[in-house]
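This text opens with one protein chain seen in two forms, each one given by itself as structure tokens under the names structure 1 and structure 2.
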Structure 1
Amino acid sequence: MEFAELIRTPRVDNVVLHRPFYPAVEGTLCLTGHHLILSSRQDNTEELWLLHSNIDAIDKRFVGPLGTIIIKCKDFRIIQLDIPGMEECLNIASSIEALSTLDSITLMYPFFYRPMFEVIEDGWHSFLPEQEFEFYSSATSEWRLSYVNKEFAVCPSYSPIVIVPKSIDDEALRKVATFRHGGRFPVLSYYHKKNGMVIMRSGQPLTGTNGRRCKEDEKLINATLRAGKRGYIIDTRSLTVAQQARAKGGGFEQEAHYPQWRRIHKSIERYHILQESLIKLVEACNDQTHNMDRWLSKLEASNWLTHIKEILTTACLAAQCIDREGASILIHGTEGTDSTLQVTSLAQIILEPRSRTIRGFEALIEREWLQAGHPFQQRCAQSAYCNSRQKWESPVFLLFLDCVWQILRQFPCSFEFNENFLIMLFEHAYASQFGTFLGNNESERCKLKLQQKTMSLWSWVNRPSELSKFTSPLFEANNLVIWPSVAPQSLHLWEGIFLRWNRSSKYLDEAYEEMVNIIEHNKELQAKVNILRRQLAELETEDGMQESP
């Protein structure tokens, strides 16, 4: 298919662009296969380049011959284009609609994008499971890499290489896979070096109504416990939901069959409930008319912060089991691809200082989200403005990023990255020139040959020029476990994401700049003083030598 077929009008002159906090810009609107471009053809005015895949919904309306298209983006921005001529306007609108809803992944921009920067390090090879395993293998010999999923035959949503208990062979893993939802047998998510406790994750056990059990599953899980130790199974569903799952063949671990384990149910919402929460929240943030009380009640009614609190609380509980109780844990919900990953990854932010560095956080996203099979393609297909409610969209990843932001806000000096890093990840998960977040799992990414055909986000981000934008000047390595507060007073609306387009950030940006200046100036002085000290020391030894010939 040619994009030209979809572009009914490639160019319109005298289009006026309206954005909040910017003066209106008049210019020429161009449509290409992947971008909407507005150029004023004046040297000093910035052009607008918008990826079609960033467009969530459009509205059009007409006043006489003047058409207006309101474009609502997945990053929550809303822009308005005034287009002279009804026909042009209709053509542009239908072209945008078609181009922003392409159903073939291979037509997406990452397959066409040619980077203009020099690739220093190929991001596709930056975080290989083997390398990650090396971090653990120095500390423990109880775990091994398994290639049982090499052809994605055992579990289609796992990566080809997973970490499992050394004492469990691949044959047993195959059997366990048949007992777990989606073939997602328990694998290692995190190893707490301090006390050897672990976080494992999996899909729900397929116990069904007649209480099916699987000896290999029990053996695998017990194999992770040290002698005399006990563990916790954190089920991210309420007990009722977990019980209902049995009717559909799912279920939960019976304590009789797993006597060394204590099960805890925590309720984290899923799918459309989260999606509706996001829609309501963004609606409240965009509504400028209501008075003070309406704002708070709308914020409350969206339940967004309630979800944040639930997720963070569960992650803290998991971390507490590991670090304070000295107990290993297994986490799962139903599929083990959403709330499970929120909890395992946030627990690592709390427990593991490395995951609070830029590199470590990227590795965490690779391990716990991409390789762990979070279905990005499905979850991020639409954002807060989409009317057609499909079943699979859900801001699971955004909630995770929001939770990280909440912790960062409470521990501003313990993270190597700043808020912009999290915002950048949110943007690329929904619309990107890079292939990193395409597909739903490693198997799909393999079939799409993303490594050969697209550029990795990490190739771009990890260049010094980009990294400097995402590095927090406040960072001081903190080797401790950080326990965030989950009280409502401590949780805040993430303004950097949700009010980003509704308020001017000028003064806050200036404050950030001032902060950077203060710290930079200090570093420069430090360097200067060190040089002078050295010079002085040299001169003085020379002096001494001359004195005593």
Structure 2
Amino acid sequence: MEFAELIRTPRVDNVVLHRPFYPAVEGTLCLTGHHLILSSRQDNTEELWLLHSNIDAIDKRFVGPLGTIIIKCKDFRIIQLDIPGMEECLNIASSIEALSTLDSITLMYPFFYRPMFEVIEDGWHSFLPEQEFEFYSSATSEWRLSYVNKEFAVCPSYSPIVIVPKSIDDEALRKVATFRHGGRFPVLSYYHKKNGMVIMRSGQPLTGTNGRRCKEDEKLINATLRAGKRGYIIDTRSLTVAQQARAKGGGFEQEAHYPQWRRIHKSIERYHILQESLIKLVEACNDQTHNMDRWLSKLEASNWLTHIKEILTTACLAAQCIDREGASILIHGTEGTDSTLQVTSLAQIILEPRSRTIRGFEALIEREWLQAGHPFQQRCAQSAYCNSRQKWESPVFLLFLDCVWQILRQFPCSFEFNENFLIMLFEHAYASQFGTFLGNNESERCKLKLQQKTMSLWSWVNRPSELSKFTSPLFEANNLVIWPSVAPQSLHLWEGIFLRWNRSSKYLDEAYEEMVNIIEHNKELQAKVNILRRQLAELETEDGMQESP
């Protein structure tokens, strides 16, 4: 298919652009295969380059010969184009609709993007499972790399290499895979070096109504327990939902078969419930009536902060089991690709200082989201504005980033990255020139040959010129476990995401710059103090030598 077939009118003059925080500007609108571009001949006017994949929905209005297209973006921005001529307006609108809903992944911009920057690091090879295993292998010899999923034969949503207990062979893993949803047998998610406890994750066991069991599965998860120790299974579904799953062939671990494990149910919502919550929240944030009761009522009705609280509470529970109880845990819901990954990731941010650094957080996203099979292509296909609802869209990753922001806000000095880093990841998960978040799992990415045909997001982010934008000036390495408060008073609306197009951040940006200047000045003064102290010490030494006979 040629993009030209979808572009009915490639160019229109005298189009007026309205967008947040900029004055209205008149210019020429151009449509390419991947971008909507508005260019003005006025001096000092920034061009608009909008990826079609960032467009969530469009509305059309007509007043006489003038047509208006309102573009609603996946990053929650709303842009208005005033186009002279009804025919041109209709043609532009239908072209945008066609180009923003391409079915084929290989027609998306990452396959056509060519970087204008020097590639210092190949991000596709920055965070491989072998490197992660090296990090753990220095502390334990009880785990091994398994290549049982080579060619994705055992589990299509896992990566080809996984970390499993050394005492369990590949044949046993194949049997366990037939007993777990989607073939997602228990694998290592995190090893706590302080006490040797581990977090494992998997899909639900396929016990069904007959109470089916799998001795290899029981042996596998028991292999993670120390003598005389108990473990915890954290099921991210309510007990009712878990029991209902048995009728569909799923289920949960029976206590009779897993006597050393205590099962805890922590209900975390997913799918359409989260999507509807996001729609209500964005609608509330865009409500310009300025009525306090209405705003608070809509914010509460969205339930967004309730979902944040549920996820953070479960992550704190998981971290508590590991660090305070000295117990290993297995986490799963139904598939093990959504709420499971939210909890395993956040528990590591609480427990592991490395996950609070920029590279450590990138490694966490690779390991716990991309390699672990979170279906980004499905979940991030649409955002808060789209009218046509599919059943698999859900802001699971955005909720995770919001939870990270909540912890960052409570512990600003413990994170090497700043809020802009999290916002950037949200934007690229929904629309990007990079191939990192394309596809639903490693198997799909392999078939699409993303490593050969697209650029990794990490290749761009990890350049010194970009890293400086995402580095927090407040960061002081903290090797302790951090315990976030999940009290309702401690949880805030993430204004940097949900209100950034509704009110200017000019004064906040200026305050941030001033803070950075103060910190830099403080460092310079501290360096001068250190020099003067050394000089004073040298002078005192000399005086002492002169006074001695």
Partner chain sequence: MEHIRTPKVENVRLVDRISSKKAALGTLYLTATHVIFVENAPDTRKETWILHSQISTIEKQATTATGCPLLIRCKNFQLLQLIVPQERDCHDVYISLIRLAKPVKYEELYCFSFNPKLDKEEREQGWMLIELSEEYKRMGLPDDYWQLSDVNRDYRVCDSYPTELFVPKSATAHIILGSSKFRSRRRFPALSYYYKDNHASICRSSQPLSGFSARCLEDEQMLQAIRKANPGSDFIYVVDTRPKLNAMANRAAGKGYENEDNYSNIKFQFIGIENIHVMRNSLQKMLEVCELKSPSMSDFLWGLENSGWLRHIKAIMDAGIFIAKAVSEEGASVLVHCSDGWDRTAQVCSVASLLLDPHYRTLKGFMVLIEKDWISFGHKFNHRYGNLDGDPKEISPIIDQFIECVWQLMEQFPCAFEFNERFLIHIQHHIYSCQFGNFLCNSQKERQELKIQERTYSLWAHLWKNRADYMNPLFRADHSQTRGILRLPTTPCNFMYKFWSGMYNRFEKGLQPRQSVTDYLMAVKEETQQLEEELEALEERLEKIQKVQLNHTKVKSKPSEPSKHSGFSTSDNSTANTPQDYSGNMKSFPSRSPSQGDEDSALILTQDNLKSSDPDLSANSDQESGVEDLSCRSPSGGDCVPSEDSAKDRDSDEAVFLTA
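Counting starts at 1 with the first residue of structure 1 and goes up one by one along its sequence. Bear in mind that the values here come from a model prediction, so they are computed numbers and not experimental data. Definition used throughout: the rigid core is the maximal C-alpha set that superposes within 1.5 Å between two forms.
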| property | result |
| --- | --- |
| Label of the structure corresponding to the form predicted on its own | 2 |
| Exceeds or equals 2 Å, Cα of Ala24 between structures 1 and 2, core fit | no |
| Glu524: Cα shift of 2 Å or greater between structures 1 and 2 (core-aligned) | yes |
